[in-house]
Ligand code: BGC
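Okay, here we've got a single chain as structure tokens, the form predicted on its own, with questions on binding and movement later.
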């Protein structure tokens, strides 16, 4: 097993820094008109999100835009339809339109270097949002959740539910999935989970009938689902069930790195005749999407790892405020995220496990989801 890439995370602090109001330009009425503050840094922000096809990116983009406009910033929010060329073009247009701060959730973290280097040459500051941007020095800050811990929580949940740490010998059948190969975070998710689960695979307590069990953390791309597509995950699960579970064998657990893949996996299991409360396997997830919260309440998904993206937006809001004010930007990790050209200073937030018992107290009571939307 490869050495665990455990991230050292400082205690979560999500209160706004005292200088947050500095994001409102001097002399501004707060109506989103932009302009310069006393430090001379313009609060003109370009937000580049990857797609509208996933609920979380819609919430992230719109939520951050609202926060920044409330501080008097000019904000251009763009979605790139999961097309890298489109994202590059949108970023270039944002810079040409006067954006001095870019907040970028990359589709492909390897391809944005030239566009961002051009932005830096025009004195823009770049914040990588949730996904690290690789291969360029033109990234100033990174705001994200502890993505290794996301996977670790998924692996530990499986470990606990099956009693593996207590000596349960199984064997249990497991099918592992990984996220999009062009998403840097997907590697962290898989490593966190696999560092927990791989020893049980090696000992034979967990068996993978499909053979799709990477030899180490770095092999995750071979089982990655490009673009995090639910349909593709469903097709892959269909193939595994039809090819490796034809003699009455059942799947005991599916490692799904996020909710989008989990939906496809669940559709495949349903079509294959699996029944919740009977032979339905343990299924992990991430993001607490409404459809998946409903699946958790219906016993079709075991858990999701919740990343309160409102807190991520608040932290980015504080970063923007500090940049505009000319203050030091708060980070709590300065040695983990090496993008191949530099170690990018990062701020990490903690993810939280949500199960059926936690939906009301954690998701609904916090206002993250509406009770009526999930049938409560």
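Here the structure is a predicted model, which is why all the values come from computation and not from measurement. Positions refer to the first chain, counted from 1.
The discussion below concerns the form predicted together with the named molecule, not included here.
Only one of 152, 185, 134, 87 comes within 4.5 Å of the named molecule in the predicted complex through a heavy atom, and that residue is 185. Exactly one listed residue, out of 200, 157, 220, 228, brings a non-hydrogen atom to within 4.5 Å of the named molecule in the predicted complex: 228.
Of the heavy atoms in residue 301, none are within 4.5 Å of the named molecule in the predicted complex.
Although the partner is absent here, residue 67 sits far enough away that none of its heavy atoms falls within 4.5 Å of the named molecule in the predicted complex.
In the predicted complex, at least one heavy atom of residue 189 sits within 4.5 Å of the named molecule.
Contact check for residue 54: a non-hydrogen atom falls within 4.5 Å of the named molecule in the predicted complex. Of the candidate stretches 314-322, 346-354, 55-63, 329-337, only 55-63 contains residues with a heavy atom within 4.5 Å of the named molecule in the predicted complex. Highlighted residues 258, 286 and 307: every one comes within 4.5 Å of the named molecule in the predicted complex, counting any heavy atom.
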